[in-house]
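Coming up is one lone chain in structure tokens, specifically the form predicted alone.
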């Protein structure tokens, strides 16, 4: 039996009565007070997420910017130091190996990848080094990471940091201190709400967590609410909405795919060919027309013919109706198109709608 990894906050989660589950090789909290209550806490106040299981890679050396541009879809040359970018790593066929965020410092670049892909992503990146003058370090075990999300995030965090948070723009970061610990403080988010990511040394995570939680502060949030929050605002989940069988163009991630940046990247040729030929399918958002809650893996059908599965699906706590994502043939992917979801043997009607499903978040763009 494989031993599950634990974050530095494992004992805290247990003491709070969290329900712990296996996730990407880690033992993680799926909920504390309950998914609906935690979802509401982030939408209306603030919640804090233990995301220490995420992976971080550091790239230094004189060729760091050119090298990173060769391995990601986006264009790191467009970043100034202190900016962050969303990107993807691809295979030769244009399939998504992982999605990631890219942090550009004065003297280095940091890539943040999903917990499930740390080893795979590391091997994928190292294999492309090929004598380039860069130094690669997998610093995942050294880095602790918390995400503070919600309309009250700034008010809760500001008393505990020497950084002026209002000066950090969306998809920007600053170097400062939180609860006495050195941190990179970024403002990106995965919930549609305002908030911050706090990167620190692993031993410092507990002090920061304790400073930001408690009466009148941030509520602990588990994986369950994290999933409902991100789905409502249309963020892709690796392994569900995107994977190595899907391309960024199919997934609606053309905006992070710079085919004309002047720096060829793995999978670029395949994407150019796909764009020239035309997309055969697209990832769409949908809502159920009547009853039924779509769940990951349920078949989706067009004219009675299976075309894909539900990639992500839930009853939206904020909207009060069921929503999901799936890939549909391009000819049937327009907003307003109808298809069916097989929910426990019953084919129930769904309608393609625009994403994001939820648009009233406090995120500061």
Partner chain sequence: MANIPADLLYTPEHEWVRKTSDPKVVEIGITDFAQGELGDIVFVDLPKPGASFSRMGVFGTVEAVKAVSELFCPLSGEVVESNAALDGDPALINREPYGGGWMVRLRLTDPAELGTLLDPKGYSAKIAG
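Numbering follows the first chain given and starts at 1. Note that this is a predicted model, so its numbers are computed, not measured.
Although not depicted, the form predicted together with the partner chain is the subject of the following passage.
Taking non-hydrogen atoms only, residue 14 never approaches the partner chain to within 4.5 angstroms in the predicted complex. Among heavy atoms of residue 354, none comes within 4.5 Å of the partner chain in the predicted complex. The partner chain in the predicted complex is approached by residue 36, whose closest heavy atom lies within 4.5 angstroms of it. At least one heavy atom of residue 31 is located within 4.5 Å of the partner chain in the predicted complex. This chain is drawn without the partner chain; in the predicted complex, the residue among 187, 295, 129, 108 with a heavy atom within 4.5 Å of it is 295. Taking a 4.5 Å heavy atom cutoff to the partner chain in the predicted complex, the contact residue among 75, 219, 227, 243 is 227.
Stretch 219 to 227 is the answer when you ask which of 219 to 227, 93 to 101, 264 to 272, 168 to 176 has residues with heavy atoms within 4.5 Å of the partner chain in the predicted complex. Within 4.5 angstroms of the partner chain in the predicted complex, the stretch 330 to 358 places a non-hydrogen atom from 344 alone.
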